[in-house]
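Starting off, we have a lone chain in the form predicted alone, written out as structure tokens.
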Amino acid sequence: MADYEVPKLTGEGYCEVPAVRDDVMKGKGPYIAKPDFQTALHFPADFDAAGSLVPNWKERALDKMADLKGRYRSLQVFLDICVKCGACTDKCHYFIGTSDAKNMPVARQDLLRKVYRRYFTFAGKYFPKLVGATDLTEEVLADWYNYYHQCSQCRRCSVFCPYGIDTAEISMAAREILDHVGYGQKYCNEIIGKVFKIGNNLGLPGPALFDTVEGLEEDVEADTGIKVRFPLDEDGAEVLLVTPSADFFAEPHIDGLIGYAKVFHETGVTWTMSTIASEAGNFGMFIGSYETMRRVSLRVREAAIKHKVKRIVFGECGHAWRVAYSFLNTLAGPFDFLDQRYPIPQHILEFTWSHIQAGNLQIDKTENDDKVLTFHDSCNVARGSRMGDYPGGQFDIPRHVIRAVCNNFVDMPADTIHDATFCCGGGGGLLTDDLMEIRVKGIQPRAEALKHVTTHNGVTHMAAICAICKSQFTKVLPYYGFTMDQIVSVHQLVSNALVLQRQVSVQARPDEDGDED
């Protein structure tokens, strides 16, 4: 199934730290963006073809580095304070899976740090060899492109760093510099261009979305005998749901969308999705571009104003929730036109859990008795956001919901969950087929933990609340002997157990021009 070695699992719940090897993954970076993909994102495109550099690339790269260290003081701090203690070296899933020395977080940071020292510190300018400073060359730039696209920006290493150095921020900075010299990543930049042109990562136009939700309404009614609406582009609803576009077409994502709709149906809370903001994901974070993050985020504001909603709720997507929770109010606020009694924004799990607590949902947990569940803490939720009104809510609330709708739940080993969770191996803009080797090897620690509870606790399914995690798991876990259908959405479990009781009249759906059919 692969033309490279797939790591072997022990089933004991932990991975052996590999012997360090040099340049094992050298030259295995992703496809480079063509000029057209750069132009859409307002990046320089004055180069001939993918793989060639812009004129004066070195000066442009150093100018951008100066700009970034001036704008983000944390970046300069992270580049200055590392003492090479080694605490992070074995914490990266990509290092564990590949054994490549440059995939140790400290070594990956140093690819940028050495150039920073050469041009922006006194010692590096005059005594470069004494402080490990390096000239910026095309070979160095190629190493940046290669190894900064073997970082999923999961921030696990930062949890264990005694100084709190955020490797993700260094990775983001390196990618933004690369974008400004003609070394943009095809996968991320092409996707962001689709968002600007069409409205979502998958390039699904409005007519396709209308057809999809109409089909879902028919499917749910056929399955349950009850009309459950999937509103799209409707004005005056209480909630605007912003969900990843994967929820519109692929399993297990679409089963989660069905779960959201059933929850809104049973609670009687009116809601709508929007063709303007038919994508919760924000790949601007992956490429480190604040301006791109803001452009993508402003679609949510535009949709909320246009549809006259009172609340914004985000669906199951890890990095989307990090951007929403940590940055949305800064990027696209103020949201003073929304109902201030509710979190701005709110996660769908917070919404569902509040109604479970209030007794508004009738649950039959036996509907999930064919499963023994475990739960994967997605990196950007676990280490970059929160749910609820207390620290650690992002760990508790998903598990509360799962336990409320399932009788059988087992956590994976303690050092692989919560803020020590291992990445799925496909985050940070790496969910592309041209990076399959790093994805397969990077999933090893999570697969090891899953194998442990499968063997020792009879776990049959793993639930996740991230579109990228679900896509990565269903594609890559089969390399380790698991099956695609062992991955489920949390709201898929809710959908299974929720007893539908409300019968409501169904209004006509507006067409794409806003008129009722």
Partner chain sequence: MTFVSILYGLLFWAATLILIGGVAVKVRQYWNTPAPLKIPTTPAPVTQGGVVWRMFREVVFFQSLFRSNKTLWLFAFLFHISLWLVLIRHSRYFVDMNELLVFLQPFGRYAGFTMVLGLVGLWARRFLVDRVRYISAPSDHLMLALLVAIGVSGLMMSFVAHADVTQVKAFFGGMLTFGFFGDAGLPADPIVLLHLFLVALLMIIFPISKLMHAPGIFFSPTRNQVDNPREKRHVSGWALELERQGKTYLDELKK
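Here the structure is a predicted model, which is why all the values come from computation and not from measurement. Numbering follows the first chain given and starts at 1.
The next section is about a form of this same protein that is not shown, the form predicted together with its partner chain.
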Q) Quick one: which of 161-169, 207-215, 367-375, 427-435 gets within 4.5 Å of its partner chain in the predicted complex, going by heavy atoms? A) 161-169
Q. Within 4.5 Å of its partner chain in the predicted complex, heavy atoms considered, which of G268, P334, G225, G236?
A. P334
Q: Tell me, out of L136, I276, A382, L232, which residue has a non-hydrogen atom within 4.5 angstroms of its partner chain in the predicted complex.
A: A382
Q | Heavy atom of R386 within 4.5 Å of its partner chain in the predicted complex | A | yes
Q: Mark K102 yes when one of its heavy atoms lies within 4.5 Å of a heavy atom of its partner chain in the predicted complex, and no otherwise.
A: yes
(Q) Contact with its partner chain in the predicted complex for I198, defined as at least one heavy atom pair within 4.5 Å: yes or no? (A) no
Q. Is D179 close to its partner chain in the predicted complex, meaning a heavy atom pair under 4.5 Å apart or at it?
A. no
(Q) H42, K84 and K91 - do all three of these have some heavy atom no more than 4.5 Å from its partner chain in the predicted complex? (A) yes
Q: Heavy atoms within 4.5 Å of its partner chain in the predicted complex is the criterion; list the residues of 57-95 that meet it.
A: K69, G70, R71, Y72, R73, S74, Q76, V77, F78, D80, I81, C82, V83, K84, C85, G86, A87, T89, D90, K91, F95
